[in-house]
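Heads up, the chain below is alone and in the form predicted alone; it's given as structure tokens.
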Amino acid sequence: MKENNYDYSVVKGFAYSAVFWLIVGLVVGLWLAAEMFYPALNLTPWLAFGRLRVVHTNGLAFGFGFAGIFACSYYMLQRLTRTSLAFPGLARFHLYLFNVAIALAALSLFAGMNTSKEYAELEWPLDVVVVIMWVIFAVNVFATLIKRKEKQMYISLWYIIAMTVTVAVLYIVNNLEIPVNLFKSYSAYAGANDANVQWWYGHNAVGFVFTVPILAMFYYFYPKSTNLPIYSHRLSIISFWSLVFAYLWTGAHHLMLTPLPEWIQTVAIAFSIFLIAPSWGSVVNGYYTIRGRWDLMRTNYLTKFFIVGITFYGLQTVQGPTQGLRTLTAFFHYTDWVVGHVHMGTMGWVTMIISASLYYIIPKISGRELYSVRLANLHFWLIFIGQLVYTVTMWIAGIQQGAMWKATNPDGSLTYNFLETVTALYPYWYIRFVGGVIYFVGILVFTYNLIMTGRSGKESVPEPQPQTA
């Protein structure tokens, strides 16, 4: 089919939306980091830590994350099915509705409208908007798959399908609520049941937003960028089905040593440890794809993003399950270690893969070469160094924090009071802020590079079809 039959306008719209919400979310994050050692920045209730924190997480997880996912999904769908979007007008409406929804979500969270459920803080009217938006996306995904011209379905399509179906189920089940008025509602669940459903949703939101669609990007854009076939399509399929099966059982590892029934906790631990295998299946696939061609790490700027990104994914998938063990969770839970763990995944895995994918897409649909490979390399090193400074600092802080909380005198009394543990963390919070600034500068370089690249008016360039096996 002719290239101009593909609809890339919505791809470009979501790509630039992702960059916009990334910058907004990081600005809020830097403000939060500064508030930790300079509380005077709590200027008004709207800038209180409790409000800013949910704006930060929602803005980056759903504003940046989903915008990048939608951009790449609409691009991959058309390329891998060799057909245009089934409903391009609906996709454009999806783009507008998405940005309106994220803006309203941020405004409502700034105003203090919050259900207090992690990753599900939005009140019921916005939940309805989210469901409508997701149905629009799902209709386009499945309608495009039905009319595809390529019979074989590459692994990236399977990951997109898994995300589309599972996120819908997770979001609807966890967000069942009883409205009190237009701005307030209460969960349909209570007590331990509410906690169990919440973390079934919360951890699987990590799985099917921060993992599954990002792997779809990795499996498509990584081979395309290196011009090498993926090492093993069979391994990717085995990893996919194992990952999807195991992930849904792991949420309760966030609830170790709580009133949740112990057998549910044990099941979560077992499946969490099992998850290491399918996760590392993708890591091995990534490494073996460039076996004998490791020079690409030096000569191909995108290879660095993908290899370092999948490496951080591999580290996450070892660190996460081991944190779920009862002994370790008793030490690390509620400490800054967990903050470091989460940000290694979001800053080192998710953002690196989305950044590399957008670096691939924007030149293709703009009809020109990347504005500056040198700036792309600078972007890589800034976010790589910034992320390491941030996460390693938080790991060390978490170890000290946990040790101080649990230190006791010979008579059994606590050695340190809570205020002493807080003041001991100030040096780490200063360093974290510095790491965040370095990372943010890298993202500004990334933004400038994409904007300069996308200035061409041409919408597409010829591209060979991907090898699917």
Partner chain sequence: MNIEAKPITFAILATVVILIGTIITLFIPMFLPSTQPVSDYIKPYTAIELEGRDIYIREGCNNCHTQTVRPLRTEVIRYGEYSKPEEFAYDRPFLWGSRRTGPDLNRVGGKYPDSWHYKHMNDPRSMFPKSNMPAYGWLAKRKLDTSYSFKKVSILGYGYSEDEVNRQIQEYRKKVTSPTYNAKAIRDQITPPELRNELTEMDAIVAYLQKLGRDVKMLKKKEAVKVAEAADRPGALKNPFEGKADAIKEGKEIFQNNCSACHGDDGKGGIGPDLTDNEWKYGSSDEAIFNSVAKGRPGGMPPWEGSLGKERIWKVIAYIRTLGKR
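The shown structure was predicted, so the numbers you read here are calculated from the model rather than taken from an experiment. Numbering follows the first chain given and starts at 1.
What comes next is about the form predicted in complex with the partner chain, which is not displayed.
*Asks:* Quick one: from T393, T303, T166, S239, grab the residue that has a heavy atom within 4.5 Å of the partner chain in the predicted complex.
*Replies:* Contact residue from the list: T166.
*Asks:* Name the residue from I438, V54, V28, A61 that puts a heavy atom within 4.5 Å of the partner chain in the predicted complex.
*Replies:* Exactly one listed residue reaches within 4.5 Å, namely V54.
*Asks:* Identify whether the partner chain in the predicted complex is within 4.5 Å of every residue in the set N5, V24 and L358, based on non-hydrogen atoms.
*Replies:* No, the whole trio is out of contact, none within 4.5 Å by any heavy atom.
*Asks:* Go through 358-366, 246-254, 95-103, 303-311 and give me the stretch that gets within 4.5 Å of the partner chain in the predicted complex, heavy atoms only.
*Replies:* Single hit among the candidates: 246-254.
*Asks:* Residue-level contact is defined here as any heavy atom of the residue lying within 4.5 Å of the partner chain in the predicted complex; does D127 satisfy this criterion?
*Replies:* No.
*Asks:* Against the partner chain in the predicted complex, would R293 count as a contact residue? Criterion: heavy atoms within 4.5 Å.
*Replies:* No.
*Asks:* Is T299 a contact residue for the partner chain in the predicted complex, using a 4.5 Å heavy atom cut-off?
*Replies:* Taking the distances in the predicted complex, the answer for T299 is no, it never comes within 4.5 Å of the partner chain.
*Asks:* Would F208 sit within 4.5 Å of the partner chain in the predicted complex, counting heavy atoms only?
*Replies:* Contact check for F208: yes, within 4.5 Å of the partner chain in the predicted complex.
*Asks:* What residues of 250-268, in sequence order, lie within 4.5 Å of the partner chain in the predicted complex by heavy atom?
*Replies:* Contacting residues: L255, M256, L257, T258, P259, L260, P261, W263, I264, V267.
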